[in-house]
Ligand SMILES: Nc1ncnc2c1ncn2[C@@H]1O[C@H](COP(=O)(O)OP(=O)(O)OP(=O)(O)O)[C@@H](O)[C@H]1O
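This document opens with one chain alone, in structure tokens, the form predicted on its own.
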């Protein structure tokens, strides 16, 4: 396998960020990591990429131990962190991309050539030579995506919340580029809270909760594992008090999650629950479940009626 993670644990003081995480993966596909805030997604990516030492356990990436042989690993990876910022505001997107490639060891001519290619791929032609200080946040994010994928010498790409701030059209374009890079034989690891990104791009999904893997597989396999075969959900805005108790009294088995003023009801008897809600005059929607429901389900303690 191209990526092998063995019993990975990371502890910060009293906080266990990762606990005995183990899995393996091969190149040519996109591996996505999802889960609630604090699940350990960024910690996992940082350890795999050699930026952070584990408390215990090990990672082998392309045959190298990422701690003991980081010098060899470093040249094979490209990492886009979620908190990346444009600090040199008088530089242009072309300057950023070329400078990054020069630091990776590209010749000036090759760096300029690759910059032209990815500027086209990410539709940055109109802003390529404008100062970053004059660009929108979404355009700067697109610039950083172009910069990372300009590094065609990399074998592994790490994307931590890579698509934040992109408009819908550019986002779809970026998805296609990520899939194309993966299909060319590279390994792409993606951490995201945006489930549309994951559902569209990922070949495999790891679900983390409190530092542990609780589901692993294709999108459909993960939905089956976490949601237990539930295919549809009931969504209520401003749900009435005692709703859960009322459904329990009527004999329905449901899992309920409340997020802000939104209530989500997961049940295999959607028809029966929907009919009862209608009888009580409750306004609701019935929607298909998706990966966002996996994260919602993990966001709090189980609430069964």
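Residue numbers count along the first chain shown, from 1. Being a predicted model, the structure only gives us computed values, none of them experimental.
One more form of this protein, predicted together with the named molecule, exists but is not displayed; see below.
- With a 4.5 Å cutoff on heavy atoms, residue 193 counts as touching the named molecule in the predicted bound form.
- By the criterion of a heavy atom within 4.5 Å, residue 295 is excluded from the residues contacting the named molecule in the predicted bound form.
- When the named molecule is considered in the predicted bound form, residue 17 lines it closely, a heavy atom lying within 4.5 Å.
- The closest non-hydrogen atom of residue 42 lies within 4.5 Å of the named molecule in the predicted bound form.
- Note on the interface: of 260-268, 31-39, 242-250, 54-62, the segment with non-hydrogen atoms within 4.5 angstroms of the named molecule in the predicted bound form is 31-39.
- In terms of contact with the named molecule in the predicted bound form, the residue from 200, 225, 99, 82 that brings a heavy atom within 4.5 Å is 82.
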